[in-house]
Ligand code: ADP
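Next comes just one chain, in structure tokens: the form predicted on its own.
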Amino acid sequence: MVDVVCLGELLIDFVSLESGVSLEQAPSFQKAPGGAPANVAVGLAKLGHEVGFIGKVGDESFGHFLANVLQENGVDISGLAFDSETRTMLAFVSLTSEGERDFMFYRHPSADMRLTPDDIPKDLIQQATIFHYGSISLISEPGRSATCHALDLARESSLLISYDPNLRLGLWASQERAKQEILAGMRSANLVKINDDELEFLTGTRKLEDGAKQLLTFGPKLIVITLGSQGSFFYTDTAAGHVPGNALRAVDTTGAGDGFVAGLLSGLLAYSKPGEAYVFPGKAELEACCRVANAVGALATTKRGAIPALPTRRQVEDFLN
């Protein structure tokens, strides 16, 4: 049995060893395992949950390195496929002097793009409570069809469906296409986590409540907006609230949002009932979930790379105490 199944990209992040520079200026990089859904999977496993991952990597050194990282962190990789015809996705990442991340992806195509409906393990999804996905696997075929097939299986089994658009404009044909497809991908989700920049891109406003109301019209029941060091904001038809963040000196913000998702889903799992359709808890419980999620996201910024920085439950509890 698994608590959560995550589907999507698993890749190598090459993170600049010097902060405050663009990729053009960066003198050297550190190899780190990454990929938003994979980061969430490891984050949940480190928090003590049973987690499965579905995706595809190259049948080469980087692909096997990533598979080993997931396994070493306790993630079930029975849904991970290896492709002998393409390479594992690479991303080069730096943090500019303005605090923004500068990305360059090598994906022409990469193995994750070649995930097919036949690669989706039905039994792994059917035994879970939560299914989590992002927008990157929706960009092109056959990954899009594979993701939609997995979503169909998750709905049939009444799983809580969690979606993180994780906007990467450089991977889309145009901004218009990105907005259209990311919003369409939202129609399958019960829970959507976005950041304030993504909120503005998708809704045209930075007003949290106004933007969240817009997104609820696409079908989700819960919108959670991350605000960096300012914490997070949640919104449902019956409850809304802002939960303050945690002040920590950030070394690398890569994976902070994924750590937040892991903490949020970890909290929401406590309110699931086996065999029953998921019902979101009330305001006080959602505040508690976001408080833990804020802590996980903050702690994930204290080391370089995403997966290496994700905290254990003990570390989160010590930090909150």
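Small disclaimer: the values here were computed from a predicted structure and weren't measured. Residue indices: 1-based, along the sequence shown.
One more form of this protein exists, namely the form predicted together with the named molecule; it is left out here, but the text below deals with it.
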Please tell me whether the candidate spot formed by Met113, Ser135 and Ser188 is one where all three residues come within 4.5 Å of the named molecule in the predicted complex (heavy atoms).
no
Of the listed stretches (43 to 51, 276 to 284, 255 to 263, 56 to 64), which one has a non-hydrogen atom within 4.5 Å of the named molecule in the predicted complex?
255 to 263
Using a 4.5 angstroms cut-off on non-hydrogen atoms, would Gly228 count as touching the named molecule in the predicted complex?
yes
Using a 4.5 angstroms cut-off on non-hydrogen atoms, would Asn73 count as touching the named molecule in the predicted complex?
no
Ala240: heavy atom within 4.5 Å of the named molecule in the predicted complex?
no
Indicate whether the named molecule has at least one heavy atom within 4.5 Å of a heavy atom of Leu248 in the predicted complex.
yes
Quick check on this chain: which one of Ser94, Thr147, Ser162, Ser232 has a heavy atom within 4.5 Å of the named molecule in the predicted complex?
Ser232
Which residue, Thr86, Asn195, Thr129, Thr203, has a heavy atom that falls within 4.5 Å of the named molecule in the predicted complex?
Asn195
Of 147 to 173, which residues get within 4.5 Å of the named molecule in the predicted complex if you count heavy atoms?
none
